[in-house]
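Starting off, we have a lone chain in the form predicted on its own, written out as structure tokens.
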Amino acid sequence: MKNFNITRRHFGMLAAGAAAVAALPFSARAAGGTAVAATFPGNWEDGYRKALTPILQQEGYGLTIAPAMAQDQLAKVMASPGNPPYDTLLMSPGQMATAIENDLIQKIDPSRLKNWGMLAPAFQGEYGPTVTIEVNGIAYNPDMVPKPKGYRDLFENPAYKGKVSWTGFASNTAVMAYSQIARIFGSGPTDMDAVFKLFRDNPEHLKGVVDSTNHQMTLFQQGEIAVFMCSTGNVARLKSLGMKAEFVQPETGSPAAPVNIHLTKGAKNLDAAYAYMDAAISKAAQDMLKMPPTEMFPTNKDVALTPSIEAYVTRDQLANMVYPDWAAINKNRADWIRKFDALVAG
């Protein structure tokens, strides 16, 4: 059993980041252990590897970034009780609630984080620090469509017909948008029957359904779509590639979600995991991550916002964002996924 556990963990490390590990000096890999950190793919993966690896190296630790969406992180940890493939997870409140309910993560010891005091109390969670606030809205190409006022516009203004892309309910970005659309066209944020009816009444929108936001980013770059539900980070990435992309906060408010690092129950490398967690909330890292192409909203209070981040959202506006009821979403999500998939499949 012991040999199997070691083999599985090493396999995960090799699959996720063998190249990055191989590039590290041996002393950096061996001195204090290596943290295996689950991180969202794409911009997050690249940004965290670039910003955090040098900081951990300086402190004698290695870092393996393992890209996986939050739902996939949960699935992999639940499949390996007592032997998690990651030391830390990166999640929003919806997945965090599921992880707590299933005893997959543990409370942290803030005294092990040098930068803990640089966070406002709202970002000091007992299950781990908030490293950014993901603000969501609508991305659009101003050369192809007018600036949308909000979600209602996308279904009622013919200028957007056939030019909008959507994805399924497994995506946090999507489910936050659908909750708002249910509020607009239905009786409240959980009235998804109203959303499904809206799609049936506007079948051109079903043609724009794809499997992920990354897929939508590709379609947007190719000019095959002009609008999709996004985070500010998606638009920052498109702009860094020279694309004509703009972000708009819907007139009904921008959905937002804190993004937190969690310590898995049974984490193998506690010292390295805490060093990684501390690096993620340090001024040095967040000063890098606030710049293009990531432009993550900093939670360290000593990190000033850039003009481009303030154009998306200011610190004062954070309180006015729309923060979904994740308990209600978690209760219904599996049913919504089944119904939406059946609708798309026809």
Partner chain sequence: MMKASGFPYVVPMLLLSVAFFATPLAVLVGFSFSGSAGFTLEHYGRFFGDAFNFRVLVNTARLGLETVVGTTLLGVPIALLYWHSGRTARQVIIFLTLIPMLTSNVVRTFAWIVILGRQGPISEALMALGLTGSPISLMFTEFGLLMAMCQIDLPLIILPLIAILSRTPVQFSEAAQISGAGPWRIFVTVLLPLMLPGMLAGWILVFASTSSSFVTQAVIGGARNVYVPQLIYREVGTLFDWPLASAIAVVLLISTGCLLVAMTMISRHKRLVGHA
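Numbering follows the first chain given and starts at 1. Model, not experiment: these values are computed from the prediction.
What follows is about the form predicted in complex with the partner chain, which we do not show.
Peer 1: Every residue in 66, 265 and 268 with a non-hydrogen atom within 4.5 Å of the partner chain in the predicted bound form?
Peer 2: No, none of 66, 265 and 268 comes within 4.5 Å of the partner chain in the predicted bound form.
Peer 1: Can you check 82-90, 203-211, 243-251, 128-136 and let me know which stretch has heavy atoms within 4.5 Å of the partner chain in the predicted bound form?
Peer 2: After filtering at 4.5 Å, what remains is 203-211.
Peer 1: Find the only residue in 152, 197, 112, 215 having a heavy atom within 4.5 Å of the partner chain in the predicted bound form.
Peer 2: Selected residue: 215.
Peer 1: Would you kindly say which of 74, 192, 184, 174 lies with a heavy atom within 4.5 Å of the partner chain in the predicted bound form?
Peer 2: Contact check passes for 74.
Peer 1: Considering only heavy atoms, tell me if residue 142 and the partner chain come within 4.5 Å of each other in the predicted bound form.
Peer 2: No, no contact at 4.5 Å.
Peer 1: Would you check, heavy atoms only and a 4.5 Å threshold, whether residue 100 touches the partner chain in the predicted bound form?
Peer 2: So residue 100 does not count as contacting the partner chain.
Peer 1: Is residue 119 near the partner chain? Define near as a heavy atom within 4.5 Å, in the predicted bound form.
Peer 2: No, no contact at 4.5 Å.
Peer 1: Answer with yes or no whether residue 338 is in contact with the partner chain in the predicted bound form, where contact means some heavy atom within 4.5 Å.
Peer 2: Yes, contact at 4.5 Å.
Peer 1: Even though the chain is shown alone, can you say which residues of 322-346 have a heavy atom within 4.5 Å of the partner chain in the predicted bound form?
Peer 2: Contacting residues: 334, 337, 338, 341, 342, 344, 345, 346.
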